[in-house]
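Next up: just one chain, as structure tokens, the form predicted alone.
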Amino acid sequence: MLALIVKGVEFEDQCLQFDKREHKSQAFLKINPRGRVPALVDGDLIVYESHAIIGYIDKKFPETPLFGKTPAETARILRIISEHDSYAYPAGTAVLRPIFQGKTLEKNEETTEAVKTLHAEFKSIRDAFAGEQWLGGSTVSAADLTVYPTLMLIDRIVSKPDVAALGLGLAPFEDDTMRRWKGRIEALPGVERAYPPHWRA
């Protein structure tokens, strides 16, 4: 959705309710047999998996390229996305999984290691700006659209009183660079349309 919004492309969105297991319905499994979101339907074509969707949108609507204009920019953007997928996202999942399962987050070995990884990845993300306003360089890119939702999810969870009481220090937007970047993303026209319903509460 963020990619479509940045490109200025009109689209129809459908929000599935996980508590009703709509993502496992026969209708949705015909779209994505893995029963996972997101998925994109464009005429007779179905695309699922986030990076595949962003890549498809970028090729179909090449204005405002999301993977850079030069080989160096493309490499930088793909590196940041790969690092996110390999390190930040798994570590974030390890910390957030108990909360999503309705359990209390405890400081155990897995959590401690995941928190260490997240602190290292937060620094890596900050360093990636290298004086630029966006992770991929001078303009918004697929790197921003990939990293931002993960950090927003972490930020919302760690601000909960019971989690904040653990003193994990995982608020990703406390740093000025990160906070200004968050503000630039949220200032993009129409970006609030991509927010999950509970983000608007």
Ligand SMILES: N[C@@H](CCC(=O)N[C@@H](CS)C(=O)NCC(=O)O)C(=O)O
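From a predicted model like this one, the values you see are computed outputs, not experimental measurements. When you see a residue number, it is the position in the sequence shown, counting from 1.
Keep in mind that the form predicted in complex with the named molecule is not shown, yet the notes after this line are about it.
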If contact means a heavy atom within 4.5 Å, which one of 57-65, 34-42, 132-140, 155-163 is the stretch that engages the named molecule in the model of the complex? 34-42
Proximity of Tyr87 to the named molecule in the model of the complex, heavy atoms at 4.5 Å: no
Does any part of Glu49 reach within 4.5 Å of the named molecule in the model of the complex? Heavy atoms only, please. yes
Distance check, Lys24 to the named molecule in the model of the complex, heavy atom within 4.5 Å: yes
